[in-house]
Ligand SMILES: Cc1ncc(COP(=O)(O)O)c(C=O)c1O
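Just the one chain here, laid out as structure tokens, in the form predicted alone.
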């Protein structure tokens, strides 16, 4: 249920009015299949009595993912973070790995868990991703790899990074957690670098409830991935120094298969909402939507907006605080950058003040709700509210009620 749009400042929920949405609108959407499809798929699991240890659904999902992404191998695992850890071990990395600080914290956490030292790199202010030009000065004799991130489903500086890694003898892999169903040069993300790692978290457009997978065209690396992910000797393809239980369950694979079937429809529905947001925001100076290349495939699961206080009259945090009061649970991504979060800020203090672009983006970017729980009508109401706020910016300027903590919400934490 939604209520009438705001007509005066006193109508704002932060100032005592009734929230625009009585049912909160989340950024982190749960992409669930139809119940009948879910029930049928899980009935098969119960009938077979096969719940884990690389069952038929896991193998089927791996085959379909590889075919969909145009790669030789897709290796499914329990989640994307563990998949990153396994990938690092499969690559037999040592020492330092260059990685952007403007990413979800799990990217850097996985490197620490794998016994590696992240070297944080700043990002391009327009693309929000790491570039070869920024990576090159950070390479030392301790560097073993470069880990790029396809943020928001937009590919990072792939081809120059591939050239740089090849010239310097480094491994190159990509965190593609946001990028299922996205492309670069009309080629699906999944086959770049030595390997790419995807998340199938519940809030991803391609969801298995929880899960992840690694893609590669390298047969030797695929054998290492499959060996490292299983702590039992029954699945041994090559000799590896360390193994772990990273297996995907049949229940996850069942949801993953349903999610893969639904991905085109989910992406198309997301694009309708994304386009509606762009139409609403385009006339509003200081609230700039992140734009995607219309010639490339994208899952459109992220509605990222840059807030310019000089043009719209509010800081990003003030806008988020106003939206939260109205039941619009916008999120600040990524605030702060990984280089300012423990334990990284304590272990690697040299990066804390060294990444000005990352720090700036962390203060200006927010995400708006988009996904199965959002309608086109909801988007229009959010757009009308943002337009109303911008029109009243002179009245609200300096009001202490705009300032204060912005609460975090557990849904959509990737």
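All values reported here derive from a predicted model rather than from experimental measurement. Numbering follows the first chain given and starts at 1.
Beyond the structure shown, there is the form predicted in complex with the ligand, which is absent from this document and is the topic of what follows.
- Contact check for residue 107: a heavy atom falls within 4.5 Å of the ligand in the predicted complex.
- The ligand is not drawn, but in the predicted complex it has a heavy atom within 4.5 Å of residue 81.
- Remark: residue 247 does not count among the residues lining the ligand in the predicted complex, judged by a heavy atom distance of 4.5 Å or less.
- In the predicted complex, at least one heavy atom of residue 149 sits within 4.5 Å of a heavy atom of the ligand.
- 201 is the sole member of 89, 331, 321, 201 with a non-hydrogen atom lying within 4.5 angstroms of the ligand in the predicted complex.
- Site annotation in the predicted complex: the residue of 205, 85, 253, 177 reaching within 4.5 Å of the ligand with a heavy atom is 177.
- With the partner left out here, the ligand still marks one of 124 to 132, 193 to 201, 271 to 279, 238 to 246 in the predicted complex; by a 4.5 Å heavy atom cut-off that stretch is 193 to 201.
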